[in-house]
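Shown next as structure tokens: one chain only, the form predicted on its own.
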Amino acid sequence: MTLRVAIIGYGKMGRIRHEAMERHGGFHVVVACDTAVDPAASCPMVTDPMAVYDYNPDVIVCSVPNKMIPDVVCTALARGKHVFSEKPPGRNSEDVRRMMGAEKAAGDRVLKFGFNHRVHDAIEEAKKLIDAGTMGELYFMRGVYGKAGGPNYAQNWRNDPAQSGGGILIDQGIHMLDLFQMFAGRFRDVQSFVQRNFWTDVPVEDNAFALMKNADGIVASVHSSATQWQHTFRLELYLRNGFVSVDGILSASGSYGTEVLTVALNRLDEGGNPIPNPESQELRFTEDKSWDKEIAEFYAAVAEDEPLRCGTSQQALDVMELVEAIYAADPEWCRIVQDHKVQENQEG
């Protein structure tokens, strides 16, 4: 079966999805939509999102700014289309609930969100090791995901809360939070510090620090930063019998380095106590297969009625609620956000 596809939002991510669908072979992109027509595009282009429905697509790929995602997704589902949407899944949990309502009303239509970090090779191997049980119970996790702000950072739509819903946490840190919940389930207790350090002229955070605990007592800490300067991804998982870590993440920008999975099993002394600094083994991954894995899973869900494992609407809601909990846990940040809203209302 070949699925007819319309891509709404034909920027960087829309083109990445197009290329992955071409490699898969089960999709045919019949039209793409963006604010301007690219004469070099390999498919017909339109500038009105509603015009894509004239091409009778089976699937809508949604690669638009966060604010626009719920409208695009809900319209597509209401018209009987399957939907693959980028993350973040809107600007807040209410956006996700709205899309879940449209998903339920659409019956057997598939809705998938692009949380591709779950299917990076190093992450999948870490999950297999932990699920096997030989490393024992999970105690705690640490995650750092940071970058430099980049050119025109302050002018980027991602730093307009009306369009994005927040700053670096919802834009990038959301991936780390999604991984935390993949390994440990939902978190109930959250403490945080949310800050503007360098870009003090934008109304969103450039750093977020959070400490959280789930019902089983597993603790996780995250630092999501736009002032890391050197692009960094590090996920550490500490278990009874050793630790697993992932350093680097293969990305479209290529700036986070090779993925390195490190595994160490504790050695015990005669008294049964762990000996410090256990020997470790490394596995290196140099090819990013995550885009292809996501598209393959989406195709199987649509064409073969296979259940989604990654990027479900429930996972999207869970992680968005955790993002909101981190923002809400810092009273000073809540005051800053409220003051900004009051100022906007006065100016408007």
Partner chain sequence: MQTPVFLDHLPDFETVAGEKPEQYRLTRNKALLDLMLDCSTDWTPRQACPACGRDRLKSRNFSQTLLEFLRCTECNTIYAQRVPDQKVLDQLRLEIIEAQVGDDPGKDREFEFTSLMNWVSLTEARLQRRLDKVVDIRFASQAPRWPEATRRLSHGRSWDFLSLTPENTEFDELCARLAHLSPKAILMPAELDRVADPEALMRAIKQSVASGTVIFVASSCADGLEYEILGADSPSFIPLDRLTVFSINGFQALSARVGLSVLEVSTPGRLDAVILDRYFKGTENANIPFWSGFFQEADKNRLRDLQILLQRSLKSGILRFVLEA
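Being a predicted model, the structure only gives us computed values, none of them experimental. Positions refer to the first chain, counted from 1.
We do not show the form predicted together with the partner chain, though everything after this point is about it.
Mapping the unseen interface onto this chain, Asp305 falls outside it, with no heavy atom inside 4.5 Å of the partner chain in the predicted bound form. Proximity of Glu125 to the partner chain in the predicted bound form falls within the 4.5 Å heavy atom cutoff. Although the partner is absent here, Thr35 sits far enough away that none of its heavy atoms falls within 4.5 Å of the partner chain in the predicted bound form.
Residue contact check for Asn266: one or more of its heavy atoms lie within 4.5 Å of the partner chain in the predicted bound form.
Of the listed positions (Asn273, Gln230, Thr134, Asn197), a single one reaches within 4.5 angstroms of the partner chain by any non-hydrogen atom in the predicted bound form, namely Thr134. Of the residues given (Asp48, Asp54, Glu282, Glu287), Glu282 alone sits with a heavy atom within 4.5 Å of the partner chain in the predicted bound form. Exactly one of the stretches 69-77, 258-266, 150-158, 85-93 approaches the partner chain in the predicted bound form with heavy atoms within 4.5 Å, and it is 258-266.
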